[in-house]
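Here we start with a single chain on its own, the form predicted alone, put down as structure tokens.
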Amino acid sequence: MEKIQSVKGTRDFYPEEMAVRNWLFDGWQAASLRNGFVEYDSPIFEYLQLYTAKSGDEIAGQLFSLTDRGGRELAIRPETTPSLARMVNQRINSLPRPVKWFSISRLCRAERPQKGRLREFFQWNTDIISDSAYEYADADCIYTAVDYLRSVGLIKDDIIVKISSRAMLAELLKSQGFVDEQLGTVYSLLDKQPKIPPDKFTAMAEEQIPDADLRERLMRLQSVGSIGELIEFAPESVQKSIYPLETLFHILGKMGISDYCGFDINIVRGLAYYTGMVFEIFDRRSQLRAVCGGGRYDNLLAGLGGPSVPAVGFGMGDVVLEILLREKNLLDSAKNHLDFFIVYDDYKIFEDKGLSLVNSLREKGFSTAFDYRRTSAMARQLKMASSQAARFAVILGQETIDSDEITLKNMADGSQKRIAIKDFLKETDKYEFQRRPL
């Protein structure tokens, strides 16, 4: 029988990859809690209608769907926002406002695997459901994403938050002669523009917008590169829809992240439910897909049978993020490390003391290991300690046989010292590496 491979577009997480995944998740959770969000989760599959009704054709065409034994049409979740809306609708009258929830979810999309995009991936989602002060909620959402990215070492020279507004863009397009029925086509074009070569974009525009005059107006509109230029370009009828964006950029400046943010009229997001501000975060060199994307979706709860409540949120996937962090050499702290490895040269003499040390260190929350074979030479045990990336080797050797001492070896620089066991156990409280929670 041939070896069975993993399904195309999925990943196996060996310990090295699992360490990176856990490190990403820990950072996402820490940033969420730091910014006032609380965690939730939803089922891995939902009724198919939840997605086909409100997420638009793009998501509907990327579903892994199935029919269960009762004939019900289901789908594995390709995103979490519809699930969030369903859950909030069920308890909308009892939830205190603002609702600030986050989740870290496994998602699946039936699409062609390529760099930065897989069929199965993990995504960090944060959402804010608030009755008022839209721009402050929008800013808090963007700030949370930037806060995390800064916490893992990315600086303003590495990433850019590109921000626009669907509501503003709709008004601007209509002022240029486009009608409501054409807006979806234009949104789809603009969403694809950064992802395809210029000649292919031009060909798509010619095919989908046959009117040469309208195409020319769209190209001029695309050249608008800042809020100031937008104000000069837009007719008076559109000025009112620009004000929320001006306010948002002012708030982001006061929150200290304006250097990370910029206006980009081409940002529209592919999902049909976005209604206002939209944003995507890219690497500055624009070599990768978006690291993060989100925006305002004020009609989604009402569209799923609930009340009309304003909402904003974003999703950040692990695939593109890991590629970017690896390119920037920012994943060193994600590696597996062992705190202590217990080494002894004669298990008959030192086994009891060694196992007692294992217990004491583990009770303190330190990861600790030892050689199960009990017959290995000390050199081999030290090699094992090195292969497991131990930070320290705790050595019980002949030189300490007549004393209650150990030799503590720093595996990084090779330095070592003798120290009484009781003093060593007290000293571990001062060590700077992370102890595991009990």
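Note that the structure is a prediction, hence the values are computed from the model and not measured. Position 1 is the first residue in the sequence shown; the rest follow in order.
Note that the form predicted in complex with ligand HAM isn't included here; everything after this is about it.
Practice task
With heavy atoms only and a cut-off of 4.5 Å, decide whether Phe121 touches ligand HAM in the model of the complex.
Solution key: Close contact exists here: in the model of the complex, Phe121 approaches ligand HAM to within 4.5 Å, heavy atoms only.
Practice task
Please check if Gly153 has a heavy atom lying within 4.5 Å of any heavy atom of ligand HAM in the model of the complex.
Solution key: Because no heavy atom of Gly153 falls inside 4.5 Å of ligand HAM in the model of the complex, the answer is no.
Exercise for the section: Indicate whether ligand HAM has at least one heavy atom within 4.5 Å of a heavy atom of Ala167 in the model of the complex. Expected result: Result no; Ala167 lies far from ligand HAM in the model of the complex.
Practice task
Considering only heavy atoms, tell me if Glu111 and ligand HAM come within 4.5 Å of each other in the model of the complex.
Solution key: Contact check for Glu111: yes, within 4.5 Å of ligand HAM in the model of the complex.
Problem - Within 4.5 Å of ligand HAM in the model of the complex, all of Tyr273, Val291 and Gly313 (non-hydrogen atom) - result: Yes, each of Tyr273, Val291 and Gly313 comes within 4.5 Å of ligand HAM in the model of the complex.
Practice task
Just one of 354-362, 77-85, 196-204, 332-340 has residues with a heavy atom within 4.5 Å of ligand HAM in the model of the complex, so point it out.
Solution key: Residues of 77-85 come within 4.5 Å of the partner.
Exercise for the section: Note which of Gly303, Gly116, Gly262, Pro244 lies within 4.5 Å of ligand HAM in the model of the complex, where distance is taken over heavy atoms; exactly one does. Expected result: None of the others qualify; the residue that does is Gly116.
Practice task
Have a look at Val319, Ile129, Leu190, Val161 for me and say which one sits with a heavy atom within 4.5 Å of ligand HAM in the model of the complex.
Solution key: For this set of options, the contacting one is Val319.
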